[in-house]
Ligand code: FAD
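Read the single chain below, which is given as structure tokens and is the form predicted alone.
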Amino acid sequence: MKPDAVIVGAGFAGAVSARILAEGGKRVVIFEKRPHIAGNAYDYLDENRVMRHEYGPHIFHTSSAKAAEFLSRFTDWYDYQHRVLGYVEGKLVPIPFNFTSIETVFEKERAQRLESLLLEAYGKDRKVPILELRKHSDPEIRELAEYIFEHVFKYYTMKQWGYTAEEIDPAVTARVPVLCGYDDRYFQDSFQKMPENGFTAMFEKMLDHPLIDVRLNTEAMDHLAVLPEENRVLLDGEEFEGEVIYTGLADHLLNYRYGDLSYRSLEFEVRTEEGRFQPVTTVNYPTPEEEHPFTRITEYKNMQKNPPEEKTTIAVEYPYAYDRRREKGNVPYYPVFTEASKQSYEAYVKVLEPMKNVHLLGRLAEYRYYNMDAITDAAIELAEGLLERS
């Protein structure tokens, strides 16, 4: 029998929406081109008994009760507070930059003076985007902002994005603000936890439903044809009037008719080390590329509930410009928010507007940044809306 819905991608967007639709009585087929579910959250126990995240570290944090309650149906959790250090002038300081960071890099009297100025200007525990800090009227605050910009943002941004901080959408730099206080956690959400047996195990339970058919190692476009000029969808060559939820690249869906969209990609140099490699899960290297060509090092067992003692697994992270044709940098991670790329994406969206049964969902398809909780909420909203109108 034909499915009621076709979903492309078995990451958060695809899996959450599939479960909601299946529980509403809809038959769902998921096409996933990779050999595994869970998208970029895919993890597994490696040869060191370390829970390795194949596509970089994923930490679930949210203040959304809806997202937490939904995912908690498929996993137990353990508490985990993520902390990040940055390599600044030979020292490891908390990131986001906070009062402990200030006291680490400046002498005591100056540090106290700067902290007083920040508290007066912004208030305790306020998170301030670096670009806002640089525009402050007080010259001492601006001087501090320039120091932080130079040693935390400037080179990291250039390595991560291939652009200067000023050339990138301010929403990107706002993700790592300066914190006016001593809270050294990377996130301040009320719910910060890790799934008890890993993300992949959570996805396995989520997709374990008699009305969900997951097809791995399957290129969706070998089965699905979206024809906007004719306002119709073909599934295996036959007319399909059900819902299509597409979570992949928007340009790929329409065979790159308006050109390739810009993304950043990552490559990981994974190594086994003895014991413990670094004091926290992630250490950033916001240094010039000639000093450190990578952006950060992740030690996965530092966020594991019962980590092994003898060995550890680290991943050294190198950013690349995404290119689907190359051997390295061929996995899209982050949309690059330049004006040119936004205009190209808008052309893809516009041509799809008449197709009321085709829905773009997720970081790649919507060309926007999503945390895991936000895409969970968005997938729930979309799927519940489709059930209401069916």
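For clarity, every value in this text was computed on a predicted model and none was experimentally measured. Each residue number is its position in the shown sequence, starting from 1.
Quick note: we don't show the form predicted in complex with this ligand, though the next part is all about it.
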In terms of non-hydrogen atoms within 4.5 angstroms, which of the given stretches 318-326, 64-72, 342-350, 29-37 touches this ligand in the predicted bound form? 29-37
Proximity of A220 to this ligand in the predicted bound form, heavy atoms at 4.5 Å: yes
Under a 4.5 Å heavy atom criterion, is K193 part of the interface with this ligand in the predicted bound form? no
Is A145 one of the residues lying within 4.5 Å of this ligand in the predicted bound form, judged by heavy atom distances? no
With a 4.5 Å heavy atom cut-off, would you call L21 a contact of this ligand in the predicted bound form? no
Give, in sequence order, every residue of 5-33 that has a heavy atom within 4.5 Å of this ligand in the predicted bound form, or say none if there are no such residues. V8, G9, A10, G11, F12, A13, G14, F31, E32, K33
